[in-house]
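Below are two forms of the same protein chain, given as structure tokens: structure 1, then structure 2.
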Structure 1
């Protein structure tokens, strides 16, 4: 190579670099999302991949608090102000109608290709839709399920319990035979937060009732609702569930079960990968099953949950934020997330993807459970509903109110609030 040509090349290379460097910082997208548990967090890698395909864009991932309630609080405070400071947000499925109605989300409807959302669970698309318009892209899927210690059940010749009644008798039988005072029976989430509402709704459904009827009546069968709450309270009173259940969230209960200290656990699918991780005390000893129903009744159903991605209406780069949401919810990204993290995809085909199923053999079973799951009420007032019933349900669980009093008080307060809105 002659000297002038080499110099020219060098100048081009340096010039190119300088231009790249100045352009690279041209746009910063801020993405708010919750910490992802699992063997490896695939998110940073995916964000770098998006940047490589969009050289002028830098993506800043910022983490949200752990619980859904705290995340909601963060968003409400920041979205009420003038500049939210973020472009793309991870949303709990239950918030989409509320955020859409508040004017916080970009309406994605005009940007979507026909059939674009068809590969996702229909329930996730329903949760993303409000007033016939789509406000978010489905990202991760959740469904409540029952974890059981397969080794202990097998040792005592038991199959996973189909009803709460059966679960209670299995706990008694196993504990009296094992004589291990540290072995708890059934762990679930009874702390006063969204997780408690999920657990109580699942108990309502098992007992043949619900929180909100189609005609908008709240707690339409109060006696059945009180009975379901009484069953949950009875688990704690009888010692089938530990006293600390009233302070338990997903992680507290997941860790206790993961340390080998319980026979049964209600949780989301993410827990399974952590139980199966190398070094886990319960590795190879955990099974999953549908949540129990009630004796003689229909099988139990888990609540659906999970996360969507929504673009802030105040984003200065809505097209890029949407491009990032599309990339993160794409089949490729959802697969990477399912492989590296403990989260489950919203794209149904991935539950039967050969490579994924090899690394996570429980995926087809989780798919069936997710299909059979039930949503919490899809309404812009969901948070109001939840925040109102939380202290009532909690009061019944800790025993400061009778279940029927708690249900009556929840009804009275909700009638008052919702009456004022209607």
Structure 2
């Protein structure tokens, strides 16, 4: 081999080594998240901003499957297989205890400064906590709301109903006066899925009971639980809610209300942006209020939801992944997401931020309602609870079982399943 050729080969080898070393010095973080809906998706810009502040880091955003069930299945398959394929995860709030118990999440407790989570809604911090440890950072907030036709209530001299009893009375009064056969009363989600469980939980709370007691007892007050189910079934039987409620999800019920065909609706905050969009049949005619309680009982409360960010315990770069989670849950990032997407922040101060309120005038009202919201049971077994009670609740709504029988059967099944795994 001639000397020039040898020198050329050596240069190529050294150049390759230098390039490899450079590549080895760079870090790629993989962030799994569901696509953000809204007028603009601010997330790609936020990820580039994080990269600019961390020159040796590249963030690869990867979309999750569309539905919550598919997302959960994706995570379980990959995390049980000990895949190190992603560093940061967008999690439905109800999954955090399950993933923590399975050993899939980094315990964030030692990394948190005193008071670091204080700016967030207490219910979001509660949902991120399991066994006294914090496993995720709150990112987006959701809460169940009562939507009402403000024009119709004003026309008939009515204030938003504080109880189911008032709601039924108002529906009958307005429909009798309006004489519109296409005008429905109260729309909510009665299809057999997670949305049904949320609606039933809200009815439980209105009736002064719950699905899971602090000591782990399921349906601790069966008579009150059956009464709450009976109230929901009664709405359908009386025609206050349409018969198709038992097939209704968020979008089916939202579209019917948004077309001007209902007086009341239970749904999430995202719907308000759509009701106020140009061309909406109900634009400027919709108000929001707390969900109804029961006459003489506690005030109504909406179920909270949303998303948290968790760091994979198998991440090769846990400190950088946590830094990314902190950045995305920061006030600046949450404000950008609230401005660009139909999502609400977990940081309470943002509900009174002047720029945000100009863009979304309903935020102060949503803040008060979210403050009063309640999380679903914070337990590693929540999905088991939900999957077990869904068919029982549905059976009561469609009239296959009495509410008391449905509650008794749900208790028996849950006691059996939970006894086997605890």
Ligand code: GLC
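Superpose the two forms; the largest set of C-alphas matching within 1.5 Å is the rigid core. Residue numbers count along the first chain shown, from 1. Just so it is clear, the model here is predicted, and its values are computed rather than measured.
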Legend entry - Of the two forms shown alone, the one predicted alone: 2
Inset, instruction - Given a two-part rigid split of the chain between the two structures, flag whether residue 210 and residue 76 are grouped together. - result: no
Legend entry - Whole-degree angle by which the smaller rigid part turns once the larger is superposed between the two structures: 15
Inset, instruction - Provide the displacement, in Å, of the CA of residue 132 between the two structures, taking the core as the superposition reference. - result: 3.9
Inset, instruction - Superpose the two forms on the rigid core, then give the C-alpha shift of residue 57 between the two structures in Å. - result: 7.5
